[in-house]
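Read the single chain below, which is given as structure tokens and is the form predicted alone.
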């Protein structure tokens, strides 16, 4: 049984603005260097290293070394889901006064983004709603992919059956979207949908961050597959 002190120690890992900023940046699913995260968080590299050591020691991040470089990433999809769930439960505050560039980037994230390895934002929620409407996803019976949904993933999206085996990770997971305040599809199925959309060029990344947008070919494909038309 988890001791209260252990839970408090774990929560303390995120009770620091620099460490929280690093974890949120890693929600893009990529591996970052300590230098990149230091620049992102606005701290010295030595300070970033100290924070990263704590996050790795606490099990939130994992690391890999390649030559002189040290790369870190979220430890597993469960950590990504935890971060998204916590963020979605924050009360929205008054918008800060920002420049046009920051406001544009924020709007792009709200339209569509990746949450670790699945789609989020208005795009992710729209896809989830369409899957539910068409009987591919059951949100009433515990957020599960239906038998028809599994067939659709294999036959319509071309996902290999063995790549839908959940293992320790659930096939479908309700991930509460922090901008839409409604669930989007996570889990193995969510990852395969996102992977397919990106791989086929239906969705493309905007710059090097988490924001994504539907491409012209994607608009055609999503209209045919899921009757989605309002993707702006």
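Just so it is clear, the model here is predicted, and its values are computed rather than measured. Residue numbers count along the first chain shown, from 1. Throughout, rigid core stands for the largest set of C-alpha atoms superposing within 1.5 Å between the two forms.
If you look for the form predicted in complex with the DNA, you will not find it shown, but the lines that follow are about it.
Undergrad: Would you please decide whether residue 19 lies within 4.5 angstroms of the DNA in the model of the complex, comparing each non-hydrogen atom pair?
TA: Yes, residue 19 lies within 4.5 Å of the DNA in the model of the complex.
Undergrad: Indicate whether residue 196 is a 4.5 Å heavy atom neighbour of the DNA in the model of the complex.
TA: Residue 196: no, not in contact with the DNA in the model of the complex.
Undergrad: Quick one: does residue 51 come within 4.5 Å of the DNA in the model of the complex, counting heavy atoms only?
TA: Taking the distances in the model of the complex, the answer for residue 51 is yes, it comes within 4.5 Å of the DNA.
Undergrad: If we define contact as a non-hydrogen atom of the residue within 4.5 angstroms of the partner, is residue 43 a contact of the DNA in the model of the complex?
TA: Yes - in the model of the complex, heavy atoms of residue 43 and the DNA come within 4.5 Å of each other.
Undergrad: So in the model of the complex, are 200, 204 and 213 all sitting within 4.5 Å of the DNA, heavy atoms only?
TA: Per the other structure, none of 200, 204 and 213 touch the DNA.
Undergrad: Which of 69-77, 107-115, 125-133, 153-161 has heavy atoms within 4.5 Å of the DNA in the model of the complex?
TA: Selected range: 69-77.
Undergrad: Counting any non-hydrogen atom inside 4.5 Å, which residue from 31, 171, 34, 27 sits next to the DNA in the model of the complex?
TA: Flagged contact: 34.
Undergrad: Once the core is superposed between this form and the one not shown, does residue 16 show a C-alpha displacement of at least 2 Å?
TA: The answer is yes; the displacement is at least 2 Å.
Undergrad: Superposing on the rigid core, is the CA of residue 69 displaced by 2 Å or more between this form and the one not shown?
TA: Result for residue 69: yes, a 2 Å-plus shift.
Undergrad: Is it true that residue 195 shifts between this form and the one not shown by 2 Å or more at the Cα, once the core is aligned?
TA: Comparing the forms between this form and the one not shown, which are aligned on their rigid core, residue 195 does not shift its C-alpha by 2 Å or more.
Undergrad: Might you say whether the CA atoms of residue 199 and residue 64 end up closer or farther apart in the model of the complex than in this form? Their distance differs by 3 Å or more.
TA: The answer is farther, because the C-alphas of residue 199 and residue 64 separate from each other in the model of the complex by 3 Å or more.
Undergrad: Pin down for me whether the residue 124-residue 20 Cα distance shrinks or grows in the model of the complex relative to this form (closer or farther, change of 3 Å or more).
TA: Compared with the shown chain, residue 124-residue 20 is farther in the model of the complex.
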